[in-house]
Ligand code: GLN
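Only one chain is given next, in structure tokens, and it is the form predicted alone.
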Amino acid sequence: MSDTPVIGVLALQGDVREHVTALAAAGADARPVRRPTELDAVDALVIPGGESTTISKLADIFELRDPIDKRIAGGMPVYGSCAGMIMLATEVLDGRPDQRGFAGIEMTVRRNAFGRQVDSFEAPVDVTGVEGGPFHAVFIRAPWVERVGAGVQVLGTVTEGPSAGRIVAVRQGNLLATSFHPELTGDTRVHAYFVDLVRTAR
């Protein structure tokens, strides 16, 4: 078996190209996924930032919801950034009634918790398991985590400003989520962390 994991990026909406580029730089064979047959060919999946309600609807339209649910239940590693974090949460606050995620990580997430687009900001975040100092995190209409279950490890919190202490990075088993967008920074350390997670899971 090749040491290069094949990681798909859910290509329904959002920062698909940026994640593919970052994953490739971190040592993965990265490719877009928008069909069940493409999902079958990958070892892991990234759910990108974008609009969680749109991703939810398109997952049904492209008949990907059940296949992704089954792969997550079977242990497939998944990383969700921003909207991807919302899609992985078991409970979403301020979401639409018809919005459905993949409910992989036992946590309560609040949509748009930091505010609207004009409230986007950047801040340093120390991420457990990511070496090299604080990660320069980009938050765009970002969620935060209000509650985690017993099996969820908190990897990062905001360290400065009025939102200091808010949980913005978590892991539960093979599932990873951040409320910020590492794919927009040129810093591939979070993606490298996920690639290593995928290698271990294989």
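None of the values given here were measured: they were computed from a predicted structure. Residue numbers here begin at 1 and follow the sequence given.
A second form of this protein, the form predicted in complex with the ligand, is not displayed here; the remarks below concern that form.
J.: Which single stretch, out of 58-66, 139-147, 160-168, 23-31, brings residue heavy atoms within 4.5 Å of the ligand in the predicted bound form?
T.: Of the stretches listed, the one contacting the partner is 139-147.
J.: Is residue 38 close enough to the ligand in the predicted bound form to count, meaning some heavy atom within 4.5 Å?
T.: No, residue 38 sits far enough from the ligand in the predicted bound form that none of its heavy atoms falls within 4.5 Å.
J.: Examine residue 100 and determine whether its closest non-hydrogen atom to the ligand in the predicted bound form is within 4.5 angstroms.
T.: Contact with the ligand, no.
J.: With the partner left out of view, is residue 90 within 4.5 angstroms of the ligand in the predicted bound form by any non-hydrogen atom?
T.: It does not: once the ligand is placed as it appears in the predicted bound form, residue 90 has no heavy atom within 4.5 Å of it.
J.: So, residue 111 and the ligand: in the predicted bound form, are they within 4.5 Å at any heavy atom pair?
T.: Flag for residue 111 set to yes.
J.: Between 17-52 and the ligand in the predicted bound form, list the residues on our side with a heavy atom within 4.5 Å.
T.: Those in contact are 49, 50, 51, 52.
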